[in-house]
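Below you will find one chain, with nothing else, as C-alpha cells; this is the form predicted alone, and questions on how it binds or moves follow later.
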Amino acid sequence: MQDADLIDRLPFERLAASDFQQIRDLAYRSFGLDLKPGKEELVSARLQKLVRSGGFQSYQAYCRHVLHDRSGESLMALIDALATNHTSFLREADHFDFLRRRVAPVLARRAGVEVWSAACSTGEEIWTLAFVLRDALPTSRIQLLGTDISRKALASARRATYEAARVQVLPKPWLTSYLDADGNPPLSYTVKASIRAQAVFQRLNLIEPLPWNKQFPVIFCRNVMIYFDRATQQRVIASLAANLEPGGYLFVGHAESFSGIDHRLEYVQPAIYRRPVGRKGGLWNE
C-alpha cells in the first residue's frame, strides 16, 4: 500500500460547524458557491486530501493557511477540490439539435463564428460544440472559447482525451472524423489536433468582472448556476446577457430557472433564451 493511500485511510477529526461555516463563507466570497447546510460530509471528503497532504492537524489550521496564503495557490486548490465537474458528451442533446437546426443556418452567413462555453468543465461540452459546428458550418472559421473556475478541469479539457466508454454516445462518424483512437481495441479517444486548434481555454471566475469587451452569438452556461444563490444568479445572468450580441442565444441547464430574476432576455424554449434583436438585427434578421 502506498504511503499516500495509508494516510488517506487514517481516521481524521470531523468537520466542526465553525470550520464548515468558514469554508462556506470562503467559497461563497471566492466563486459564488452556495454550500447549503447538510454538505459537511461532502466538503470534508473533498478537502481531506488537501488537509492531510499539507500536514495540517485540523481543518481550522488548514483554513487559516488558505486565508493567509498570499500566493493564492491554496485558494485555487480549494476551488479545484470543491468545484463540481460532472458533465458528458451530448448532455441535454436537444440544445445541440436546436443549435444545428435553428442557429447554425444563420451563422452560416458569417465567415467566422466564435462561441463561448462559459463553464466548460473537463471539455465534453466544448468538443461536442466543435463537432456540431464543424458538421453544420464546414466552410466557416470556428473559434471556441472555453472557460472554467477549475484549473484541474481546464487541464483535462485541453488534453481532450477520454475513456472509450465516455465517447460511446457520440455518432460513429464523429468517432472516426473528429477523434483519434488510442489502442486496439480503443481504450481512449483523443480529439484530433485540427479540432483542438479551434479552441482556447482560460480560467475565469463568473462572479468577477469579465476580462474582455466583446459579444458572442452563442453562449453555453449550463448547470453551474444551480450552485449559486439567487443574488449571485442575478449578477451572472446580467453579465452573460451583456456578452450576448443582439439576437444571440444563451443556453442554460434544464434544472436552472430564471424565475424571480430580472433579466432582459427573451424566453425561446426550456433552457434557451435570446437577447432581443432590436430594430437593426443584422444577420439575425430571418
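Computed from a predicted model, the values in this text were never measured in an experiment. One-based numbering along the sequence shown.
Absent from the display: the form predicted in complex with a small molecule. The rest refers to it.
Remark: N223 counts among the residues lining the small molecule in the predicted bound form, judged by a heavy atom distance of 4.5 Å or less.
The small molecule is not shown here, and in the predicted bound form it never comes within 4.5 Å of any heavy atom of A181. Though the partner is left out of this view, Q198 does not reach within 4.5 Å of the small molecule in the predicted bound form, counting heavy atoms only.
Of the heavy atoms in A83, some are within 4.5 Å of the small molecule in the predicted bound form. Screening 70 to 78, 181 to 189, 98 to 106, 141 to 149 for residues having heavy atoms within 4.5 Å of the small molecule in the predicted bound form returns a single hit, 141 to 149. Think of it this way: in the predicted bound form, the small molecule has a heavy atom of just one of A136, V113, L170, L206 within 4.5 Å, and the residue is L206.
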